[in-house]
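Only one chain comes next, encoded as structure tokens, the form predicted on its own.
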């Protein structure tokens, strides 16, 4: 009887917390990157949309905890009080961290509650304007004919362009045919490509669309499962999977996470607020402005998003380990 009474009290406490959450205490989105970047913009847009979806009474704060490829911010949330007031908003780095960092202070699969996926951004395989190829097949032949002479740029270890380049070279089995040139960010890498100092790069449409449209780079393929038929600029470029790279699919996505042990009732409330926010027309429009597509499938649910991150980790980790370059 006493045990049942204790359980009843615990259940009542959880229910009371859910009914009063979030109260007057702000909900902090920890963004593991500097202010002003794409992930920071997603966080600020989502904070406003979720504020509205929670009736306008919730107060949201964005905290930028930059460093170590996002792992400092991840560690902060993993150690935070699990009350729903400290959340992590992170991108594909959630899946690449276990491969890039061999000594993490937390476990991506075990130390977070997965709330749901937010958006994803396609990627494009592009080349310098002087490249003697006008479609992907010509591009492949050019690579074979110039083995050992070409280079591929990326915006830094663990960046979107780095991960995409690794995966593509692995599937093409052309890693030895190219020299990898790392840069300190997307802007210098793109400038080098436009200027013809480097030959190839793979990066998210957020960074490549304007360059493709202006004719400053050549585009050859997209990294989504199918071609982007709904995109006026990119609709005529095939996907790498359609070109024969079975199973090749890579996008840059964002998700929302809470510390392990956050009460289920609070998690449910946060997930419901997230799903409502993802249907907000203003939020959708802002994401389209970033080149992102708001997620509407089952990955907005915690279990499906966790399974997706696990599959992304399984896809990226062996490619990163095979390259033999780690961030720690």
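Being a predicted model, the structure only gives us computed values, none of them experimental. Each form is matched to the other, and the largest set of C-alpha atoms that superpose within 1.5 Å is called the rigid core. Positions refer to the first chain, counted from 1.
Just so it is clear, the following notes concern the form predicted together with a small molecule, a form of the same protein that is not shown.
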(request) Using the partner position in the predicted bound form, report whether residue 222 sits within 4.5 Å of the small molecule, counting heavy atoms only. (result) no
(message) Check residue 186 for me: does it contact the small molecule in the predicted bound form (non-hydrogen atoms, 4.5 angstroms)?
(response) yes
(message) With a cut-off of 4.5 Å between heavy atoms, is residue 234 one of the residues that contacts the small molecule in the predicted bound form?
(response) no
(request) Although the small molecule is absent from this view, report whether residue 204 comes within 4.5 Å of it in the predicted bound form, heavy atoms only. (result) yes
(request) Quick one: find which of 271 to 279, 32 to 40, 52 to 60, 284 to 292 has residues within 4.5 Å of the small molecule in the predicted bound form by heavy atom distance. (result) 32 to 40
(request) State the residue from 160, 117, 126, 152 whose non-hydrogen atoms include one within 4.5 Å of the small molecule in the predicted bound form. (result) 160
(message) Does residue 98 shift between this form and the one not shown by 2 angstroms or more at the C-alpha, the core having been superposed?
(response) no
(request) Tell me, please, whether between this form and the one not shown the C-alpha of residue 183 is shifted by 2 Å or more, with the rigid core used for superposition. (result) yes
